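We've got the same protein chain twice here, in two forms, each standing alone as structure tokens: structure 1 and structure 2.
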Structure 1
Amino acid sequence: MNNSTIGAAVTMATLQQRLDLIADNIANMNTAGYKSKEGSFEDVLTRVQQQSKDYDLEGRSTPLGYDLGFGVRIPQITTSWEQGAMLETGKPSDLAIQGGGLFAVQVNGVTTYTRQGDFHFTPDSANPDKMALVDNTGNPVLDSTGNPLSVQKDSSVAFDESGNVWLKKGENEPATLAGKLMLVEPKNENMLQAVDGGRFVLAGGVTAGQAFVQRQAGEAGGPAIRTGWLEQSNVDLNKEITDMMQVQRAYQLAARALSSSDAMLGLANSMSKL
């Protein structure tokens, strides 16, 4: 294959990857707490081609060499952490984070982090007298000690903006503190790696102590929880549609370049047989 064929093929594969990202974003535009993914392009440079000394004519100001690239690639997929719009649901176990925080949810024994706060209580299979807080797929939500959060059943439960869980057994009974949600605040989002379901895990080699801000009890600042609200996806449909049209145009151009390159190769082969 010649350079133009390789460049067109590499570019088409990269554009397909970008289209997959856009499709993923659009598919999750109604997913609570979802953060859109982005990918920028960069040239695939393999070498600097040197021209013959015959081109080094008097008065030339540009160098003889030129960059010989082979299409484009997406060096890194990033996540947009822009705050999504808030939707009031009135449901006491729907929680939204105002600011840069994440809930902790245990999935298949692994601690993951998410902005999706559409939680609900379900009977605790490990303790019949309690009910466990789970996410929309049944995964346990963790408390500040790293254990699944559960409270006494047949009680009224409320969350405050710090993530404290308050329990009230009767109308005239005082509310008692029953635990606290794990709410982490990333120092740098690049220390997190996106996984399925709008969740994140710690990137390889990164510890929780390195990734999250450590605040003292009662220290001001940090994220806050809004009860009865859900953070919506931050996907901008207009931007995604515009990006999709641009990528489709670029894909058509690369496909045409590949077709032209193939035609030139066929012509060269036919000439060599004459």
Structure 2
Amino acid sequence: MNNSTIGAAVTMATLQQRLDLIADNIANMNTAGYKSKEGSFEDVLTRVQQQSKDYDLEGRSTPLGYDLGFGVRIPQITTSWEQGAMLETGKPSDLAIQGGGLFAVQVNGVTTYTRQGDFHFTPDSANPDKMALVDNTGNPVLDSTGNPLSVQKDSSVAFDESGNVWLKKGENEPATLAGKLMLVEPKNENMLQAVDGGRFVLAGGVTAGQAFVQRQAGEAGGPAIRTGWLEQSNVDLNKEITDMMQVQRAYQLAARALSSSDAMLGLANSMSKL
């Protein structure tokens, strides 16, 4: 098979992969807390065809050898951590994070991190006179000590900017501090690995101490919580559609190169009239 057939075929497969990412993003353009995925291209390892000394003719400006490329690939898929738009819901247990932070949610005993803050309270099964904060699929939300957040029943709950949980029994009673939400701030996105449901776990070999910024109490500049708001998906539909058009045209051109190299094989095939 000739080189340009391989190159064009590899390219078409890669562009298909890029299109899959775009489709994934567009499908999640209304998923709260969704972070769009991106993939950039890189040329596939080049083979240098060796040339003998006889090829070193006068006027040559490059070293001996002739480059042959094999198309393009996506070396890694990255997540865009750009802030999504905020949507006001008015629900006191809907929390949005302003800045580079993540909530901690326990899924099947494993601590995962997410920016989806559409939480609600349910009766705590372990403790009848308490209620637990859970996410949209019923997984417990963790407090700053790493335990599921659970507060006294029959009281109104409010969260402040830094994640402190305040309880109020009645209208005229003073609010009491009942805990603090875990809010982590990743040093670098590569320390997290995306899993399903818009959640992330620590990448292999990374500890929580390495992955997250340790801030002093009261230090300014960290992420802030906004109660009664939800962070929307950060998918930019204009960008996705533009990318899709670009991918489609690139695919068309690669397909053209493929059919052209096929026609060349046809010509080679029809050379002999035997």
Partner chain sequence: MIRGLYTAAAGMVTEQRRHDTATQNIANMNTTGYKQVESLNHSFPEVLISAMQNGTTKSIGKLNTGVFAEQSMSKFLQGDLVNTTKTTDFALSSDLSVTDPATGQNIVFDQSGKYINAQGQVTYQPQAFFTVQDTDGNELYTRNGSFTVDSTGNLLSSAGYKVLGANGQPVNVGALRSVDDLRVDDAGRVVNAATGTDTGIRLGVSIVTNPQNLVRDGNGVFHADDPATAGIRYAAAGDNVQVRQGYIEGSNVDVTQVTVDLNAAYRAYEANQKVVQFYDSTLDKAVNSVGRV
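All figures in this text were calculated on a predicted structure; none of them were measured in a lab. Only the largest set of C-alpha atoms that superpose within 1.5 Å between the two forms is called the rigid core. Residue indices: 1-based, along structure 1.
Undergrad: Please match the form predicted on its own to structure 1 or structure 2.
TA: That would be structure 1, which is the form predicted on its own.
Undergrad: Degrees only, no decimals: how far does the smaller rigid part twist against the larger one between structures 1 and 2?
TA: About the hinge, the smaller body moves through 13 degrees.
Undergrad: Relative to the superposed core, what is the Cα shift for Y55 between structures 1 and 2, in Å?
TA: So the C-alpha of Y55 has moved 5.0 Å between structures 1 and 2.
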